[in-house]
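What follows is a single chain, given as structure tokens, in the form predicted alone.
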Amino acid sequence: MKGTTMINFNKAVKLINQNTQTLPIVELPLIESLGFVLAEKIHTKTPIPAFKSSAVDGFAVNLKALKSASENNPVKLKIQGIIQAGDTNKYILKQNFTFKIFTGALVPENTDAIIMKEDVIEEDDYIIVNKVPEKKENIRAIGEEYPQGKLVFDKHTVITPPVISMLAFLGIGKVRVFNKPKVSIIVTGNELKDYQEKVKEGEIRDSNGPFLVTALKALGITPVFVKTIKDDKNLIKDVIQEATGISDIIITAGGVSVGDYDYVKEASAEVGFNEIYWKIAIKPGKPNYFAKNGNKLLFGLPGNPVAVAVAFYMLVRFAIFKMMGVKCVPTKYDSAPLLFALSKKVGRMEFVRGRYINYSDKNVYVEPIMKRESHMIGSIALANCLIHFPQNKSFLPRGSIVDVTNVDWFKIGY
């Protein structure tokens, strides 16, 4: 794939998939596993719930004692005792008696139903019941959610707070997960200044560095190395060499086009990276470089901020997710009708920044953000989706059904 031939987007994704390896498995304490991906299947060791429990605060009853209960013929039951959640004693309900019971408490033997507290009249040590509940009403059955040995979470499940909650409920203190990649960021450009610095005419504040750092942090990855450097081949080579020793993925921004000061390709080759592809028929982001050194990957992204954001979201995240053990399906798209017509030249797929919008006809449309040049950072900041404008199309009329990638910077997986 070397040389100047552009490949299409799907081919680029395929090449990333072929050249990216899932990272080794590590064991982590449960609370530290948030944002990682399970490397094992999780089954129940007991039924869930493991015992019959009350679903409400109320009273345990036997239906034989309530056969004749009605508004005209209320039944009076003596309170035999109180059962709180966490009480491990095994109680037996006597005929014509009731237990006051609280949500989550172990249901006593001989209980057919739990009557809600608000459905009875409580007087001293008795309750008055004027209707017959359904059998098993308000009783959580053994194994109601999961039988013993049931698969709860499959391998490759992303660990979210609710997943941690369930694992904790199962009594799992440590989990086997796929490791997260170590990522380095290198931004090049003589014109770049730190975003907190004053700039002179001809200089710009670097937005690519802060974007890449925080885009990684949104996925729970803190970069191991971040550097902004001048367009100097030897300096770029030295920095790539340094990053290679500590990284699984190196992301560069700038220096991958055909200019006299675009040194990333040449410098990375001298370090030992082999080119997989260079140019992709997409907009923004045609000069997109992907190279490999052993199992280490280098993504050379363009310098324009929107091109960096789109390439990171559509390409680099795919490699990150695969390394993390996510089941990767980057061709999983939504679809929606266009609110406005779009036009472009044939030859490149364009990822048009857009927003979902509820229109007056109550349908959900995608609205293109019209100022969409690759230096216009506001367009990606405002977007919550990317509209796929096919490579072989030059015009999409209003109402066209288009493929859409939802933009969620915090989501791990597809």
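Start at 1 with the first residue shown and count on from there. Small disclaimer: the values here were computed from a predicted structure and weren't measured.
Omitted here: the form predicted in complex with adenosine monophosphate. The next part is about that form.
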Since the chain is shown here on its own, which stretch among 275 to 283, 189 to 197, 87 to 95, 235 to 243 would lie within 4.5 Å of adenosine monophosphate in the model of the complex, judged by heavy atoms?
189 to 197
Is T157 close enough to adenosine monophosphate in the model of the complex to count, meaning some heavy atom within 4.5 Å?
no
Using 4.5 Å between non-hydrogen atoms, is N304 touching adenosine monophosphate in the model of the complex?
yes
Find out whether any non-hydrogen atom of N208 is located within 4.5 angstroms of adenosine monophosphate in the model of the complex, and reply yes or no.
yes
Would E137 count as a contact of adenosine monophosphate in the model of the complex, using a 4.5 angstroms cut-off between non-hydrogen atoms?
no
From the list V329, L151, V224, I204, which entry has a heavy atom within 4.5 Å of adenosine monophosphate in the model of the complex?
I204
